[in-house]
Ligand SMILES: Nc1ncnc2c1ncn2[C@@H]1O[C@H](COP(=O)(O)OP(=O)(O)OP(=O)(O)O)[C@@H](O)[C@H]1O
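Only one chain is included here, represented as structure tokens and corresponding to the form predicted alone.
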């Protein structure tokens, strides 16, 4: 991918926590409308990478560029208004507010201009309309994950960082979520998808980055990753030959 085609550029990013390097010179690019998977064993730096891109942590070294602007270390609220938002491993809705109020609040305070998808469209898209007037605390885990994504979409993002959204979903929910994410990519939204579930990544992503101990060890298709000897050794194991 050429420099001019990249919406997001992560360049030689290092993240230290004391003497520990959670990220050790990570570099990659994501284009508009592309779904890039980020996988690796526990502790490989996947969520740390999302936290750096979304402004939770300023990196110890390296730079992050979005739409050719240096966004390194910018606060999450500023990044949301530039077009970057995210979901979380454990959704964080305002539990006492209704589903609709959660989405409206995100649009009002984190939005990037007028929405191509209105609030009602977002609720319909993520099958949340029937719960619209229900407090978020009454939703089950799968519904809260959809609400988390709805709140991100309400800010009119150009890039969404997806952190283990498949965890705990049943097969039908997984299929519907994969379809939702592919639909977003088809609309030109870039996705960076952190996930352990390989079958889900295969449905959603165009290519993957594999991390180990904070370093990139592979970039390419998930099919190719399954047969890469270093990937097999550090992460996939016998699962590399499954499916």
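Numbering follows the first chain given and starts at 1. Bear in mind the structure is a predicted one, so any value in this text is a computation, not a measurement.
Beyond the structure shown, there is the form predicted together with the ligand, which is absent from this document and is the topic of what follows.
The chain is drawn here without the ligand; in the predicted bound form, the stretch among 58-66, 202-210, 178-186, 38-46 whose residues come within 4.5 Å of it by any heavy atom is 38-46. Screening 22, 13, 222, 231 for any heavy atom within 4.5 Å of the ligand in the predicted bound form leaves a single hit, 22.
Using a 4.5 Å cutoff between non-hydrogen atoms, residue 215 does not count as a contact of the ligand in the predicted bound form. Put simply, residue 29 is far from the ligand in the predicted bound form: not one heavy atom of it is within 4.5 Å. Contact annotation: residue 89 falls within 4.5 Å of the ligand in the predicted bound form, judged by heavy atom distances.
Taking a 4.5 Å heavy atom cutoff to the ligand in the predicted bound form, the one contacting residue in 177-210 is 196.
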